[in-house]
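The chain below stands alone, shown as structure tokens; this is the form predicted alone.
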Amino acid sequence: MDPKMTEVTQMFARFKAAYARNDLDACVTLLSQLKVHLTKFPSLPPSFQQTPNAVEELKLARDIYEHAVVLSVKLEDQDAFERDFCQLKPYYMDTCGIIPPSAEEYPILGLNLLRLLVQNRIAEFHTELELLPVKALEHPCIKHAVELEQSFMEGAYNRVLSARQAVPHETYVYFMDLLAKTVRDEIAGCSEKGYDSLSVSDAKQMLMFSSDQDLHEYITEEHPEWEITNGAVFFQKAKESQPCKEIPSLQLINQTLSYARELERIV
């Protein structure tokens, strides 16, 4: 085996051992070193030079970047996820016929779709979806993300929250928790605008909490301006704390008259 390949393979083995024992600091250090070593392989994107070890180098690099994406989820670092996924993507899109498909391809592509949904980047979500082959849409990880997006757009928040209990891959839990928080915040914002108060049981059902304690913890952490009194959640304090914005009617009238005079001069 080529000496450079041997060195990278051994370092990658140390990375996987560190990940297995949950030593994330060591993983980050080793990953940085691995990425530097990968730059010395001419067979990797974007050059794709034909070398004697091209297939093995491509497979090894793809494996490293797949682990990098999973590590970024473990670290709850969305910026690192985006960087690592961008580096990994050419190995999925541009190496067909050069190296065999990866078993982790669709789980990671689905994970990226879920990230875009959590970040409310819906246009990019659909762009990425259109790049996938038709057969990919039948994979459970891709279907999961697509169904979530449909539920989210329809406002079927109960389906979004219940999907947390049926994730197709363990790495999806982090983004599903973020999505659940986004959904609950959206429901909470609509509730305080639509009601002066709700009973604790109704608020618990609307926000889809399983216990009163979970509801109390959510209100304490996310909405301390709400009040829980006599078995009811009162939003009035939150409404009173929001400043009332006055409409600058006189200014708007003057601007409208000014526009009318300018149009009259043009005509």
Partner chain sequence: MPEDVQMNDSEPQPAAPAPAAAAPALSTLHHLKEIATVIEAGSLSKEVRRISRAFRLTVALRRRLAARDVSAFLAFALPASSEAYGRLTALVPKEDDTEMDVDAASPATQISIKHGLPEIEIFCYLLVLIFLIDQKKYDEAKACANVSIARLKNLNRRTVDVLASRLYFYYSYVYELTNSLAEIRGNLLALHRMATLHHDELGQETLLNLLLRNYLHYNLYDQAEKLRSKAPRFEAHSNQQFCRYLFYLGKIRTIQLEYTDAKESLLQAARKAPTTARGFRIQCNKWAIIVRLLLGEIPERTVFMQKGMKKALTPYFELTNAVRVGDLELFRAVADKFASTFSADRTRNLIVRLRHNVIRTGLRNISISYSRISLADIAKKLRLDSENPIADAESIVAKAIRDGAIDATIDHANGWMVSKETGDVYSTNEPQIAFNSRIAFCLNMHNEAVKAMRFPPNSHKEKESAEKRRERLQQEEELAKHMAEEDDDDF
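Residue numbers count along the first chain shown, from 1. Predicted model only: the values in this text are computed from it and were never measured. Between two forms, the rigid core is defined as the largest C-alpha subset superposing within 1.5 Å.
Quick note: we don't show the form predicted together with the partner chain, though the next part is all about it.
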Interface check vs the partner chain in the model of the complex: of 173, 103, 123, 166, the one with a heavy atom inside 4.5 Å is 123
Could you tell me which of 173-181, 126-134, 111-119, 70-78 sits within 4.5 Å of the partner chain in the model of the complex, going by non-hydrogen atoms? 126-134
Contact check for 2, 22 and 27 against the partner chain in the model of the complex, heavy atom at 4.5 Å: no
Even though the partner isn't displayed, in the model of the complex is residue 255 close enough to the partner chain, meaning a heavy atom within 4.5 Å? yes
Can residue 56 be called a contact residue for the partner chain in the model of the complex at 4.5 Å between heavy atoms? no
Answer for residue 155 alone: is it within 4.5 Å of the partner chain in the model of the complex, judged on heavy atom distances? yes
Under a 4.5 Å heavy atom criterion, is residue 198 part of the interface with the partner chain in the model of the complex? yes
Partner contacts in the model of the complex for 187-205 (non-hydrogen atom within 4.5 angstroms of the partner chain): 189, 190, 193, 194, 195, 196, 198, 202
If the two forms are fitted on the core, does residue 22 show a Cα displacement reaching 2 angstroms between the shown form and the other one? no
Residue 59: Cα shift of 2 Å or greater between the shown form and the other one (core-aligned): no
So that I can tell if residue 223 moves, could you say whether its C-alpha shifts by at least 2 Å between the shown form and the other one after the core superposition? yes
Between residue 147 and residue 194, do the C-alpha atoms lie closer or farther in the model of the complex than in the shown form, with a difference of 3 angstroms or more? closer
Distance change of 3 Å or more between the C-alpha atoms of residue 223 and residue 76 in the model of the complex: closer or farther compared with this structure? farther
